[in-house]
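Shown here is one chain on its own, the form predicted alone, set out as structure tokens.
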Amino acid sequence: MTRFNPPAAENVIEVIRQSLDDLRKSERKVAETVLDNPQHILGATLAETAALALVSEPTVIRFCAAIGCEGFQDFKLRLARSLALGTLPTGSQLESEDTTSELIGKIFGYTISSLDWVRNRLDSRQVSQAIQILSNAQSIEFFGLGASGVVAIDAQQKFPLFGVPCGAPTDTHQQIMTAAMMKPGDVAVVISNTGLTLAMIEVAQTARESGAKVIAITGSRSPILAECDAGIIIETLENTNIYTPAISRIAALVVIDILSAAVGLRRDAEHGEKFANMKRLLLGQRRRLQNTKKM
């Protein structure tokens, strides 16, 4: 069974954001200047960047080294790659003095931009591999805990529409028992944003040892990918400790929609008619309910 080996990611803007607290005061000035206007820095010289950040040129060089770049030119090349993929908005950190309108604007803006960030970084080859595996599945089990468990339940509601028996056990004992009873032809979809949850790694290992194909949906190049036949990395940037951001869950739900839509489109005409008939039955049920309320 071929294991998934994810490609290395280029994301210097994320590196800068996550390194802010570890940088020296002068280096942080450079970092903040870059984050404030990365497009401008892309066209700036070393001297111009130093002047914008109000630091010396050697400080800019030290900043580049601190974030893992081999000099200023290497930094600009990596910055260009990140900008080509899209950037997240600055000023999205929530503050206690924010008005309701500001909170609405920040959270909506961050969520929309984050989804675009995820879209541009999604590996279509791994998504295609997952679609192929799911299209050939005899049965599918979705596994997740916490917020990832919500995604698993959402997926379990969608895929039975395509004539495939599905489950989404929520208890860890049920999950490991289900994984142990899987067989060749079955598919386990293991959802873990961190990819570090031991219970989910054990489920993936058990399902694979039982002969099932395993798909991981995770937020980074995490250990769980070593147990999978296809690994979909949903890279998100959670930007606050004040509340629990929903972006990782929303992004995973969107990926589930992509997978389910693709599997549905691959079904034959007979299945398409059954699906259309199901929709008509649901519509009729809603109309009867509306008429009952009017009486």
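Just count from 1 along the sequence shown to find any residue number. We call the rigid core whatever largest set of C-alpha positions still superposes within 1.5 Å between the two forms. As the structure is a computational prediction, the values presented were derived from the model and not from experiment.
Just so it is clear, the following notes concern the form predicted in complex with the DNA, a form of the same protein that is not shown.
> Among T197, S222 and D229, does every residue place a heavy atom within 4.5 Å of the DNA in the predicted complex?
Replying inline: The answer is no: none of the three residues contacts the partner (heavy atom, 4.5 Å cut-off).
> Can any non-hydrogen atom of F72 be found within 4.5 angstroms of the DNA in the predicted complex?
Replying inline: Yes, F72 lies within 4.5 Å of the DNA in the predicted complex.
> For R267, is any heavy atom within 4.5 Å of the DNA in the predicted complex, or not?
Replying inline: Contact with the DNA, no.
> Can any non-hydrogen atom of N37 be found within 4.5 angstroms of the DNA in the predicted complex?
Replying inline: Outside the cut-off, so no.
> With the cut-off set at 4.5 Å between non-hydrogen atoms, does R24 touch the DNA in the predicted complex?
Replying inline: Judged by the heavy-atom cut-off of 4.5 Å, R24 is in contact with the DNA in the predicted complex.
> Using a 4.5 Å cut-off on heavy atoms, which residues of 51-65 contact the DNA in the predicted complex?
Replying inline: Residues within 4.5 Å: L54, V55, S56, E57, P58, T59, I61, R62.
>> Please determine whether the C-alpha atom of K76 is displaced by 2 Å or more between the shown form and the other one following superposition on the rigid core.
In response: The answer is yes; the displacement is at least 2 Å.
>> L23 and N193: their C-alpha distance differs by 3 angstroms or more in the predicted complex. Do they come closer or move farther apart compared with the shown form?
In response: So the answer is farther.
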